[in-house]
Structure formats: structure tokens, C-alpha cells
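Shown here is one chain on its own, the form predicted alone, set out as C-alpha cells.
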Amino acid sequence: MSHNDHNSKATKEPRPPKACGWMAEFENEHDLLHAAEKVRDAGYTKTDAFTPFPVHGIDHALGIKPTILPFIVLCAGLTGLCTALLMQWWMNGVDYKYIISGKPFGITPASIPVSFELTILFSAFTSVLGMLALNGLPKFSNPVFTNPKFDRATDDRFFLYVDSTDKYYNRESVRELLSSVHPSSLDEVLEDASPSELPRGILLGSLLLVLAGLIPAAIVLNMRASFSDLPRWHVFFDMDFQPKKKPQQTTTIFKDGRSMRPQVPGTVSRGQLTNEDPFYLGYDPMKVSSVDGPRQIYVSATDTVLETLQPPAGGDGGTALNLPWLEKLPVEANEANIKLGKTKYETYCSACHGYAGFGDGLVAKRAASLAQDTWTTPTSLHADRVQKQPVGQIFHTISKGQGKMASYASSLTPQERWSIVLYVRALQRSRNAKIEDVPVEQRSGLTDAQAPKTDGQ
């Protein structure tokens, strides 16, 4: 065999381009719809229409059947739902039983969020991937692009295409059928005759890009797996190297040489207003320095004692605090505050102090029946020393606690605590009332047992 024979076999003769179908061009959507209906009635199914805007009724005119994508998405959503439920049942009910807030093992209402998320996740991915698969995408080339007239499909022309893969396709029959609807032009669609092989330069460039993309990943992996005494490499400096002065550093900007500036006199720190307001303390902090005797100054936000002064030497050693207590209630003595104080008192105080305030609550009775030495009898609110206490001191006791009585500052708002003080005053007044305290028009309705005592009785 000669060398020329080898060359002749190695050289491929160009073959004529393959016919892919016929494409008809129309000037308006009405002609396109009429032609599509005629092609559909002829039995062709491998057809498509290209329009510059959505045309109502084109699906029916082409005979396109409803897609099965919704059914596929439904199945995917149910699969995600079952996957989430089974996963949570297995994890919490079988594989690793763990009690969380008393919830039962397995599937509970708490499983709904995860089930919802997996249902949406499976449905979303199936919608995208199913759409691509049913439409035969991605498709990097289409033979209709070989016709230069097709560029006007996005402007002002309408095209109807019949594919040669249709089972009823016949070249001459399709041409005659499309000619009968009087298109503006009728052209046979030929496959793209350009080489299908990618140029070697593109392949080489793509390979270089892939290799270059691996370099940052390799650097990151090396940095994570190695140790270095040098500062880390900053891609973005952010605020790490900004010109600034840290607290306690010196500076030449200000005369005192301090970089951290002191507060302006009279400034109240955010969230610290309660430290200076008698409504939140029960006493006037501005008058504390003028009072002698034992006192404790608190920070209300943290209940931290800032200052403690012991009784003077030679005193009786009493523990009663001597502070400038509020003598007048800072809340209005109205029916709403009385009802609020009654509700909160019966909720938080009556268990020990009793509903009437005599220190005979259910907890106190139970402790007395056990006869244990560790129990301290609750104070009667009708005792003389309690009745003589200013309202601010009672508020302070509720807020800070007393003896074995815990603080209720975290459970009751200042308004609620003052309402309890108001209700305690009402209880004390009710047990030591005089006939003059009863309105004249209501005195006649009182029995001898109900009538308050007068001073002479």
C-alpha cells in the first residue's frame, strides 16, 4: 500500500449537512396559531413555536400535553417529608433517646419545622433538575440558529418548526403542508456544519484555569495543617490595623494624657437609670450621705453591694438599715393598683405570710407541723414594727429579700412591687380601722361584729 493511499484514508471527505426539519416564518401571532393548529391536526408532535412574547393558546394549538413535572415534584416532596420524619424518629426515638423538656420520644409537633424544610428542599431540587431533564437541557446548540432569519424571533417575527425526528415526518409532505398556510418564508433547517471539536487552545486554557483554581485551595490546606510564628496573612485588613488608641494608653491629643475619656458630669450610663431613681430603690440616694447608722447601697441591675456601713461602736448592734426611705407611695392608691397588688400578693406572698398577712400561710403551717429548727416563722405584717416601717423600706424588703425570704426583683416589676406595698398597707389598715374610716352612708349596714372599734372601745 502506497503512502498516498494512507493519506486518502486519513483524510475524511466532508459530508453534506443533515436536514433537521422545516421552519416557517409568520408576521403575526394569528397566522402562527392557524399554522400550528393545521400541523397539529396533521398528526405531527415534534413541533415548536418561537415568538417575541407569550402567545395565549399556543400550547393548545401545538397539542402540547400537560407536563408530569408537578407529579414528580409532589412525589419528591412526600419523599422529603417521610425522610425527615423517619430521620427524627430514628435519631430521637431509637438510636439516641434523649429527653428534651419532657417531650416524648419519636415524632412530635417539634418535628414539623425539619419536616417542612426537607419537603421544600426535595421539591425545589426536583423542580429544577426535572425541568432541565424534561426539556433536554443543557443544550449547547440548536440547528435553528443556522438560519439568519431566526434572529428576528426576539423582535417582530413568529416561527413554527417541525422536527425531522417526528415519526410521521416526510420532507416533501411537511414542506407542502407549511406552504399551504402561506408563510412569509419557508426554509429547511440544516445542522450546523462547523467543527464539533473544541479548539486545542480552548482546551489548554481551560486546563490552566482549573490548575490555577487549585492553587488557593492548596495554600489554605497547607496553612491549616502547618504552624508558623509569623502573624497571619491578612487578605482583608478590616479593623485589625486601624489607627486607634486602646483604653489605659497614653495620648498627646488631650491635656490629661489619657486616651479613654471620662464621662460628662451628670451622665447616666445606659441601663443604669435605676441606680439614681427612688422609684426603683425605695429610698432617695441623694440623701444617703446625710444619714448615720447601718446602710447598704445596691446596684439594682446586679444586686451588688457597693458600700456597707456597720452600726456605730457601742450601739445595740441592730441590723435594721437606716436609709432615707420614701414615706409616701410613688403610685396612685386607686382600684387598679389595689387589684394588681392583691393579685401579686396572693401569688407570691400569701404562701408564707397568709392571705390576711398574719404569717400563717400554707407553707408556714406545713413547716410548723414538721417542727424543724431550721424554719423561721414568717413575719406578721400587722406587727407594730412592720406597721411603723416606711413604705420605701417594705419595698426594699420585697426587692432585696430579708432573712430567708428571697429577693423578688426578678419576678416582679417595680410597679408590681409598689402595688404589693399598697395592698399591704390596705391589709394593715383593714385590721386597725376605726368607725370614722367607714363612709357615713355605709355605717348603718354594719353589724356589731363587723363594725370597727373606736378609740374608747
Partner chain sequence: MTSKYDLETIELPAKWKASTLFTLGLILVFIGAVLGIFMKGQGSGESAEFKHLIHSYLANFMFIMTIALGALFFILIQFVSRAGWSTSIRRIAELLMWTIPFLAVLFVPILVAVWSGRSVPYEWNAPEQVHSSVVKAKIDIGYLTKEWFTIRSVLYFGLWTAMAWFFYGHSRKQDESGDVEHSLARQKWAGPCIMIFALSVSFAAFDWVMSIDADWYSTIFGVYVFAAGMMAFFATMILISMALQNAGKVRAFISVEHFHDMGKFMFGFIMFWSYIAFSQLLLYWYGNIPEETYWFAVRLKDGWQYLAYALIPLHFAIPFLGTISRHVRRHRLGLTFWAAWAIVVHWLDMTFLVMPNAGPANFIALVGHFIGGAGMFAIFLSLFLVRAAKAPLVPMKDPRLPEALTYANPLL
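Numbering follows the first chain given and starts at 1. Since the model is a prediction, treat every value here as computed from it, not as a measurement.
Below: the form predicted in complex with its partner chain, not depicted.
Just one listed stretch, out of 386-394, 407-415, 66-74, 423-431, contacts its partner chain in the predicted bound form at the 4.5 Å heavy atom level, and that stretch is 66-74. At a distance threshold of 4.5 angstroms between non-hydrogen atoms, T377 is out of contact with its partner chain in the predicted bound form.
Within 4.5 Å of any heavy atom of its partner chain in the predicted bound form lies no heavy atom of C82. A residue is said to contact a partner when one of its heavy atoms sits within 4.5 Å of a partner heavy atom; E37 fails this definition for its partner chain in the predicted bound form, lying far away.
Within 4.5 Å of any heavy atom of its partner chain in the predicted bound form lies no heavy atom of V363. Exactly one listed residue, out of I219, L186, I112, L329, brings a non-hydrogen atom to within 4.5 Å of its partner chain in the predicted bound form: I112. Here is the short version: of S369, N334, S101, S180, the single residue with a heavy atom within 4.5 Å of its partner chain in the predicted bound form is S101. Three-residue candidate spot Q242, D284 and K287; no residue lies within 4.5 angstroms of its partner chain in the predicted bound form by any non-hydrogen atom.
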